[in-house]
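Presented as structure tokens, the chain that follows is alone, the form predicted alone.
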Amino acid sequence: MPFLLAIQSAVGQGILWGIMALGVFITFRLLDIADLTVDGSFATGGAVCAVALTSGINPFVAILMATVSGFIAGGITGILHTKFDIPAILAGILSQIGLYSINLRIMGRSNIPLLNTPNLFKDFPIGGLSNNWIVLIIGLVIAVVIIMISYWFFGTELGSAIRATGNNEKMVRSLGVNTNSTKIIGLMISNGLIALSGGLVTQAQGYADIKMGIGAIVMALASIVIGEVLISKGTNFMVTLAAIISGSIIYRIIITLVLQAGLSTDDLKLFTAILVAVALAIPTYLAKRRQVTTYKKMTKELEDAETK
């Protein structure tokens, strides 16, 4: 029973963290930008949400405020990158470092407990269900809504322009699209989703911590890579988005299993890094193997043809 409860909790947390992975997917895959604002904007969402809740603000409004804070953080990174020609990875690092101090200012201290504070999961009117079930159900509903909205938005003219910017920026610019604007909007949407996830995770776990975003980018990459392994190229975009959430759930279950097996929490970051490295390396290795196999097959056919 404790094991099943741990898996159930992992699924619920995987859905909430999967929303963060969707945000990273927008920059990492769609815009082809390595945005390191993630660790900071995730904590910003949690900090804003926690302060709003302790101030008596409605949990839904607190989530909205957290999302807006992510939009602002992503906008700052986008402006640094596009208007001041700072490389995207460096602009993200600058925003991430600055957000650490800003988050401390927002919270007033390094940790805000929410044990006796009403929140979205604690007071939601679903009688007779455990907290794990409530987190899972509400998280799933929110994730489905976000996937549907994302699928619709990235099918619009603006959303298609953002996707095209990541595929071929020069071509899109030649068509008269302002790629600086599409990058800023993409970064704002990405970090808005990340901060939204931070707010949801804060309410689910019952506290906000200044270090809660550390390593978030690696967790998101793990979810994206695992999700991409589950699908094939050319799959419907909505299926791709759903696969990212599935990848996050699988990642959380893997973490739960290795912790249940006795892995020290001190080694968790190292395990995650190794998992991501292996997941990124395997597709490349398999692609090279296929190329070598194809080359050998063609060579053999040519030799057979010459012999005949």
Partner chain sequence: MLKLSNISKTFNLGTINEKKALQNISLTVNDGDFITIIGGNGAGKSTLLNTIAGVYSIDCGHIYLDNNDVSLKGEHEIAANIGRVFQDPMMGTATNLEIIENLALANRRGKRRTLAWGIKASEKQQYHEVLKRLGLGLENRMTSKVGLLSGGQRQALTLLMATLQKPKILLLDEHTAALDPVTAKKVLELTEEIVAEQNLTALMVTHNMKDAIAIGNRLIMMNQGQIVYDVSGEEKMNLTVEDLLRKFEEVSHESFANDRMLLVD
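What you see is a predicted model; the values in this text were computed from it and never measured. Residue numbers count along the first chain shown, from 1.
Heads up, the form predicted in complex with the partner chain isn't pictured, but that's what we're talking about next.
Q: With the partner absent here, would 151, 161 and 178 each sit within 4.5 Å of the partner chain in the predicted bound form, counting heavy atoms only?
A: Checking in the predicted bound form: 151, 161 and 178 are all within 4.5 Å of the partner chain.
Q: Decide whether residue 157 counts as a contact residue for the partner chain in the predicted bound form under a heavy atom distance cut-off of 4.5 Å.
A: Residue 157 belongs to the contact set for the partner chain.
Q: Residue 141 versus the partner chain, in the predicted bound form: is there a non-hydrogen atom within 4.5 Å?
A: Taking the distances in the predicted bound form, the answer for residue 141 is no, it never comes within 4.5 Å of the partner chain.
Q: Give a yes or no for residue 171: in the predicted bound form, does one of its heavy atoms lie within 4.5 Å of a heavy atom belonging to the partner chain?
A: It does: once the partner chain is placed as it appears in the predicted bound form, residue 171 has a heavy atom within 4.5 Å of it.
Q: Verify the contact flag for residue 167: yes if a non-hydrogen atom of it lies within 4.5 Å of a non-hydrogen atom of the partner chain in the predicted bound form, no if not.
A: Yes, contact at 4.5 Å.
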